[in-house]
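Single chain ahead, written as structure tokens, the form predicted alone.
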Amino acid sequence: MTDFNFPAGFLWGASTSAHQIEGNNTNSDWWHLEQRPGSFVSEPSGDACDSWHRWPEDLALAGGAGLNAYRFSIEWARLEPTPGHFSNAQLAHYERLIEGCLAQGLKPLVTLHHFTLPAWLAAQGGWAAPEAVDRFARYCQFVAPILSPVELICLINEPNMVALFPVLATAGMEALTATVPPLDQATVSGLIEAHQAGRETLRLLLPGARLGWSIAAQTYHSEPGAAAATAAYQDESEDVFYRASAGDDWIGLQAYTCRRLKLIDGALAPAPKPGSRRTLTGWEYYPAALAECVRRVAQLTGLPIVVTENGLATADDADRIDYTGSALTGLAQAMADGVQVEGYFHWSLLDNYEWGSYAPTFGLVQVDRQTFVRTPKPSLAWLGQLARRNRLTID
């Protein structure tokens, strides 16, 4: 056994997103989708984890366990509920959240867009709308004054997943596992332009901030004959966003599993491994995905990497610890080989709303759906102890 010492200042955190934990985000497009008869959403978010009110408890759990960082998102739909009307009161809420992080010894990593849009912008066409880029830049300008204590800012979360939403709106979430769906190209273009416009806006207003975005990184295993088609699909669904990261200060990476693909009549199709172990989301249990993705993204971008999400949907917390330990072992080995990684954020701090259902439990903390009582799982203490040591023993 050997010990790997993580760099001084390495970020050990947990991630959340506003819509998934705050509750009653009534001005967002996802809230409207959840209420729509016949949508693919199996249950609405409702009160979620009531973190709009209980965020001090969440921060105390993370900081008390030994974590030194917390990733959360600001909800655009709360700040600009109607076009051009910005709420200073809602903005002050997030300023208190940033202050709360610092008081708990947690370095905040703030995401400005995590899947949800103001309903009024979605009605205009979302990221494909002609005004979307300017609207996002204006939103960044409004938020900037409270971000002065924040070093790491993630402008957009998983743009490659966001660009699938127009497809999923008609095909349903099962399209992610039953098919290999294409991205909506108008949304891809809008997201890239918005990211770059927001970045330049914030760079002028917050010269000390480090700006980037987080990509849903995939590790693909293709059957014989499918390698070229798989590489082409990965280029258009993922690598296009890495190329758009040129000029960023860091890149966020979110990895959970692998995707196995094959060709059927010349088209890519899922090729699940028979008998493979599955998580509550139906994904293959594959902790090696993190290291494989980290190595690839480092080669593609040359940017410092922050693992902004990695975790397991399971009802067995011992499995969560085993998965995370294995993923971190691979991460440590990649770092020992020279890959620059600045932090690891576990998904998620809380069992929360997983975009249509509360059934997949990713959290380090259990949340009672009726009382909102938080119950830390052993995995929170385990990760917190690792964070305090800043060292991993590798078998």
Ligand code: BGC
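Predicted, not measured: the structure shown is a model, and the values here were computed from it. Numbers follow the displayed sequence, beginning with 1.
FYI, the form predicted in complex with the named molecule isn't displayed, but the following is about it.
- Within this chain, residue 30 is remote from the site of the named molecule in the model of the complex, having no heavy atom within 4.5 Å.
- Although the partner is absent here, residue 234 sits far enough away that none of its heavy atoms falls within 4.5 Å of the named molecule in the model of the complex.
- Looking at residue 55, you'd find every heavy atom of it more than 4.5 angstroms from the named molecule in the model of the complex.
- In the model of the complex, the named molecule sits within 4.5 Å of a heavy atom of residue 256.
- The stretch that touches the named molecule in the model of the complex, counting heavy atoms within 4.5 Å, is 155-163, out of 155-163, 83-91, 99-107, 123-131.
- Checked against the named molecule in the model of the complex, the residues 220, 139, 323, 283 give one hit for a heavy atom within 4.5 Å, which is 283.
- Scanning 114, 295, 135, 260 against the named molecule in the model of the complex with a 4.5 Å heavy atom cut-off leaves one residue, 114.
- Contacts between stretch 345-366 and the named molecule, counted in the model of the complex as any heavy atom lying within 4.5 Å, involve 347, 354, 355, 362, listed in sequence order.
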